[in-house]
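Single chain ahead, written as structure tokens, the form predicted on its own.
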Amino acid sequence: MTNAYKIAVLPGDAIGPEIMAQAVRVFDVLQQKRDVSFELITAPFGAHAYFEEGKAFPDSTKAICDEADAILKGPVGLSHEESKKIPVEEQAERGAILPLRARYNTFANFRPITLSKDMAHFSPLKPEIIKDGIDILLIRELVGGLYFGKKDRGVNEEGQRYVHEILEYTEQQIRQVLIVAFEQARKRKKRLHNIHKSNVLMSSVFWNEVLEEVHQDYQDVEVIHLLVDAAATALCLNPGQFDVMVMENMFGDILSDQGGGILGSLGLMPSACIGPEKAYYEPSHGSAPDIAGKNIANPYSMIGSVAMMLEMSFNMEAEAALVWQAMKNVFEEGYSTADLSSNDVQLVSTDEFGDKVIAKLEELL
């Protein structure tokens, strides 16, 4: 019996449609080579959705996402000047991304920070620091903290403008993401770095209390506590010490982008946003409006997000591994796009990079 999956495809803004066009080709190849079928339903999401329909996350898109088995999302957002044309509450991050996360309670964000030894030339770090490559799994809590807390701004009695943003977490929100992190650590090297700021923030004190409780069920996993500012330094000086890292929402936002920095580009970072019933998959990078339409954006993170979907939503681990291998082979043969350009590479376009990945994948399947 053929396995059939329905996927909501949200191309997004700027370079989003360009890299999405290459990523969805993976589904076509798999349908030809494996006993599986994919129904792809495209829907507007982000800034262009606002301009077309008056909402960054239109009701019609919500309905498509509700019916889908998984969601594949491209990057969203426009330039600072273009974004000014959109009401603050409908700008892509507030009007689309945060509501998407809240709607499906995608509380666990998986951001692999990986670079093989053969791809080490992409990293700005010295070869002696990279050594055998980088292989970190950063798990970020995604639906709590400052980003989802109550917000208020106004003028106080002294005539001073003010802003209030509240960092809120419940015990259950913390516990559920920690369980995910411990489970991943148990599958890997049984080492978990807990990133916090308990010397200042009461929220981190609470986070650590819940972690100690959860740790009782994972005694085989070593927990290493590290303050977030120290972790930022350690990522640059000795990334090899890390395997699985777990942290609250804002810390994860910042450190995962730093992870892109040590790889050489956020263009090398796909991600998965996992909820209890549904997940969405997306590149960690932005929509890069400055290079949109130039056919130079690398689709690695978008294709990698498809690979993560195959593994985590559809239990197609073997096929996911082959997608990763296909992209690795293209890089190792010396091809890259201009946005990821480095020494001794042959530059190709977005479309050409996609062609090469698909050709490799067809060979491997």
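What you are looking at is a predicted structure, and each value in this text was computed from that prediction instead of being measured. Residue numbers here begin at 1 and follow the sequence given.
Another form, the form predicted together with a small molecule, is not on view; read the next lines as being about it.
- prompt: If we take heavy atoms and a 4.5 Å cut-off, which stretch out of 89 to 97, 149 to 157, 220 to 228, 238 to 246 is in contact with the small molecule in the predicted bound form?
  reply: Result for this chain: 89 to 97.
- prompt: Just one of 101, 197, 278, 215 has a heavy atom within 4.5 angstroms of the small molecule in the predicted bound form, so which one?
  reply: Checking each option against the small molecule in the predicted bound form, the one that comes within 4.5 Å is 101.
- prompt: Looking in the predicted bound form, is the small molecule within 4.5 Å of a heavy atom from each of 111, 253 and 282?
  reply: Yes, the whole candidate spot contacts the small molecule.
task: Indicate whether residue 193 is a 4.5 Å heavy atom neighbour of the small molecule in the predicted bound form.
output: Outside the cut-off, so no.
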